[in-house]
Each structure stands twice: as structure tokens, then as C-alpha cells.
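Quick setup: one chain, the form predicted on its own, written in C-alpha cells, and binding and motion questions come after.
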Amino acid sequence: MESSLLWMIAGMGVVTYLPRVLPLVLINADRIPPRLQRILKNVPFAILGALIFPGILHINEDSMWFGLLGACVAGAAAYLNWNIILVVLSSVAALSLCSFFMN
């Protein structure tokens, strides 16, 4: 392997690692106001929703209803406090049945 490629990989690792470790080192969790801590706890869920929602609408080129059906089934299963594996499997099963009966 060329040394320039190794340096590039090492540089990408440092650039990825620094934003993750610097807040842990520089910010004391005791100094963050409780209200801001509550807001920051919700950030991963908001980002996950923002990443998943466009994929739901564009899962099938013909119709967005296919993705919305899967999202509704998964949402209903999650609302019933099912295990995450059951939520995923119920959504996959609903979409499989839907595609089987549609074709």
C-alpha cells in the first residue's frame, strides 16, 4: 500500500475521532444546565427520524404508500411497546404480504 494512502486513512481517522473526543474532554457534564441536557438527549432520535423519513417516502418508485404502510405498521407495533425485533419483523411481514397480494 502506498504511504500517501496510509496517511490519508490516518488523517480521516483523526478528523473523525477529534469531534467525538473533544466534547468529552473539554465539557464538564456538571456545568451543562439540566434543560440543555434534556434537549441534547433527544437529538439522536430527531436525527434518526430525519434520516429514515425520506427513505420511507422513496422506498418504492411507483408509490410512496408502500413505505407509509410499513411506517404505520412499525409505528403501531412500537406504540404497543413491542420488542424492536418484533417491530421490524412486523413491518417486513406487512410489506411482504402487501407486495405478494399486489402482484
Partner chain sequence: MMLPFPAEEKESHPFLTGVQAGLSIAIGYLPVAFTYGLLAKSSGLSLVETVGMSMIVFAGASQYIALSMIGAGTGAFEIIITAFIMNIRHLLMSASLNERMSEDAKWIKAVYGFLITDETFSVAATRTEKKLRSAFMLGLGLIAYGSWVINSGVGFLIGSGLPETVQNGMAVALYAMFIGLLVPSAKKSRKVIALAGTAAFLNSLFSLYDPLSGGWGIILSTLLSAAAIEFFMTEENVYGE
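Rigid core here is just the name for the largest C-alpha set that superposes within 1.5 Å across the two forms. This is a predicted model, so every value here is computed, not measured. Numbering follows the first chain given and starts at 1.
Below: the form predicted in complex with the partner chain, not depicted.
- Taking the partner from the other structure, the partner chain in the predicted complex has no heavy atom within 4.5 Å of any heavy atom of M64.
- Residues of 72-99 placing a heavy atom within 4.5 Å of the partner chain in the predicted complex, in sequence order: A74, G75, A78, Y79, N81, I84, I85, V87, V88, L89, S91, V92, L95, S96, S99.
- Relative to the superposed rigid core, V21 undergoes a CA displacement of at least 2 Å between the shown form and the other one.
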